[in-house]
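Just the one chain here, the form predicted on its own, laid out as structure tokens.
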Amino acid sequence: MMNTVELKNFSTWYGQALVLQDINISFCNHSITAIVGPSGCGKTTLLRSINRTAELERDFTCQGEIQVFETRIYEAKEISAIRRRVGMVYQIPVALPLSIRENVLFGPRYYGVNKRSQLDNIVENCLRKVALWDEVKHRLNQSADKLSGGQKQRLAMARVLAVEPQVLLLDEPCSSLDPASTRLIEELLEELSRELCIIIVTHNLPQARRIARETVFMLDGKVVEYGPTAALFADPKNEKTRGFVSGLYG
């Protein structure tokens, strides 16, 4: 299976604080990879480094290399093009203070799409992909703020998909959702993984077991273990991984 995202000897700092240390890892296309580990181990910084939003934080520096489909993203001059190719959905569902329709079209309009028929197709296609179309098709011009938490999270996914990314990053996308919404998001991710490279940070170990082909265990800014999900949970090679997946800490 083709590697979509590769990190080579990648390290990051916030000021003098080392956050990620010498990360060497690759992520496959058409697959879901879960990143697990205790709070503060660098999971979110890893995601944000892949779509070049970590550098928006003050005093962020990095060294090493990240490639997305063989493009060295930290050498790219068009940062917005990288963020378009590598979309990210955050932990707290975010609905822009716009209508449902304009939430979906925020990215396409930014990138210059303005033909009405094309915009209409984007709205319907992306809302269908996240199983939201039937729920909102009669109120597209209403404020997105009226949606439930689960609907807002699916809308956030539709907004990212509207610019046709190649990689989808998700940071704890189900942490504030009820079990029914969580399962719906998981089913959507499994469907989307047929087209995309999906990387999800989760504290929910059963979720990682359910949907991830491979799982990464991180601790103190390092990758401790990485492999097929079933094997990593059933027979971890590292003692620290064994302690984490058995619930001894984390």
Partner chain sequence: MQSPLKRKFRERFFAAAVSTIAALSSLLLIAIVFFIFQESLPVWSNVGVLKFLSGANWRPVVVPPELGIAPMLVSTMWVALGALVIAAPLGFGCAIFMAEFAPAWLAAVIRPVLNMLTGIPSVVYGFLGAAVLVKFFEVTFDLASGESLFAASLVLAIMVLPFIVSNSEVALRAVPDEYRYAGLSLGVSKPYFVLHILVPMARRGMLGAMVLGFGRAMGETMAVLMLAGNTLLVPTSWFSKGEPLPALIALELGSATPGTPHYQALFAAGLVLLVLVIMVNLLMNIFLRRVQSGVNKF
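Please read these numbers as outputs of a predicted model, since none were measured by experiment. Positions refer to the first chain, counted from 1.
The same protein also has a form predicted together with the partner chain, omitted here; what follows describes it.
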Does the partner chain get within 4.5 angstroms of any non-hydrogen atom of R194 in the model of the complex? no
Do N114 and the partner chain come within 4.5 Å of each other in the model of the complex, heavy atoms counted? yes
Is it the case that E78, even though its partner is missing from this view, gets within 4.5 Å of the partner chain in the model of the complex, heavy atoms only? yes
For the interface check, one of 35 to 43, 178 to 186, 51 to 59, 204 to 212 should have non-hydrogen atoms within 4.5 Å of the partner chain in the model of the complex; which one? 51 to 59
Would you give me the residues of 211 to 243 that have any heavy atom within 4.5 Å of the partner chain in the model of the complex, in order from first to last? none
